[in-house]
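Presented as structure tokens, the chain that follows is alone, the form predicted alone.
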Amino acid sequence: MTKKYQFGIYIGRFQPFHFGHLQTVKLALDQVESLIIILGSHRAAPDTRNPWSSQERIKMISAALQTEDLQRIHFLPIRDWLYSDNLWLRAVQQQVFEITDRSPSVAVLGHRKDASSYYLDLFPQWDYIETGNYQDLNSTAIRQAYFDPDNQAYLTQIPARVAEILEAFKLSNRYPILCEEQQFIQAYQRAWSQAPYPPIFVTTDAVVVQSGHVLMVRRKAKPGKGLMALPGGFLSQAETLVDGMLRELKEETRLKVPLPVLRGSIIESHVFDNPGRSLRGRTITHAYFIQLKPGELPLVKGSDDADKAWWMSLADLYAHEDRIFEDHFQIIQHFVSKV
């Protein structure tokens, strides 16, 4: 039977793939000949919001579908671009055009549930199919139950084959780490729940670059324990943004460069304020780009909140994108793309 559209596009993170997602895939396959499933947050470092890699999510989706249905599906992992819809759109359009050969018979499927669904309005060239919200399922609640070892409520909300994959994942090294991280974040948020107003946290980060290398640290504490990050931290009450950035930089890396030189090497700053950039809550960071003169890389040593500090080549940075904390990879990218 001829379908209404040649191609359909379904965008999501599928963390994890639940019955609501499955219902939308079935609806799509009834109306399109081929379905492109775009998996967001590709190569994001694992946390309680994005626990599973693109390949792990593709495995979940594939396990929940029939073989004949999978033959009509293209999987398309796409990175997040928190600070540029245009770059995200370019990545989506470029790869979709390759699959569809610029066919005009394309529809985007989705549900406008809240402000986070604004991306559905970014494709005026394609038709839109509203799918509704199947049984009010949402992945956030499922993940919260899953990372609570005593809560099995999520099992009724996911396909049986997906449940098998998630049960096997509990035996991995990542599962207990993510359970502890969820407990930490929940306790962190409870501690601020009695504040008269929802708190807004202010942090600073230092992007120090020299001779094709960027200064990185390994986080010592939750959240993101063990992940790579920029040196930085929370602003103290009695210091300026620049002073706070330099203090954190020195505390965490013991960078052997005099403070006057560091101050004089600041060539740009930028505010990174995506509301969802941190799981701890609304956190706005002021990042400073410090470009040091070419030469031998100064000595560094991890200290304070960092158990390691080192100079990473920009090439290695891209290779380790999926081990970099929060939006720090995108912060680095913002600055180094200009020099």
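Everything numeric in this text was worked out from a predicted model, so none of it was measured. Heads up: residue numbers just count along the shown sequence, starting at 1.
Absent from the display: the form predicted in complex with nicotinamide-adenine-dinucleotide. The rest refers to it.
- Residues Ala163, Cys179 and Gly224 are none of them found to lie within 4.5 Å of nicotinamide-adenine-dinucleotide in the predicted complex, as judged by heavy atom distances.
- In plain terms, the part of the chain that comes close to nicotinamide-adenine-dinucleotide in the predicted complex, with a heavy atom within 4.5 Å, is 74-82 out of 193-201, 227-235, 169-177, 74-82.
- The closest non-hydrogen atom of Gly40 lies within 4.5 Å of nicotinamide-adenine-dinucleotide in the predicted complex.
- When nicotinamide-adenine-dinucleotide is considered in the predicted complex, Trp88 lines it closely, a heavy atom lying within 4.5 Å.
- Under a 4.5 angstroms non-hydrogen atom cutoff, nicotinamide-adenine-dinucleotide in the predicted complex has Tyr134 among its neighbouring residues.
- Taking the partner from the other structure, nicotinamide-adenine-dinucleotide in the predicted complex has a heavy atom within 4.5 Å of a heavy atom of His21.
- For the options Arg263, His111, Lys256, Arg102, the residue carrying a heavy atom within 4.5 angstroms of nicotinamide-adenine-dinucleotide in the predicted complex is His111.
- Listed residues Ala141, Leu120, Ile267, Leu155 were compared with nicotinamide-adenine-dinucleotide in the predicted complex; Leu120 is the one with a heavy atom within 4.5 Å.
- Of the residues in 2-30, those that come within 4.5 Å of nicotinamide-adenine-dinucleotide in the predicted complex through at least one heavy atom are, in sequence order, Tyr10, Ile11, Gly12, Arg13, Phe14, His18, Gly20, His21, Thr24.
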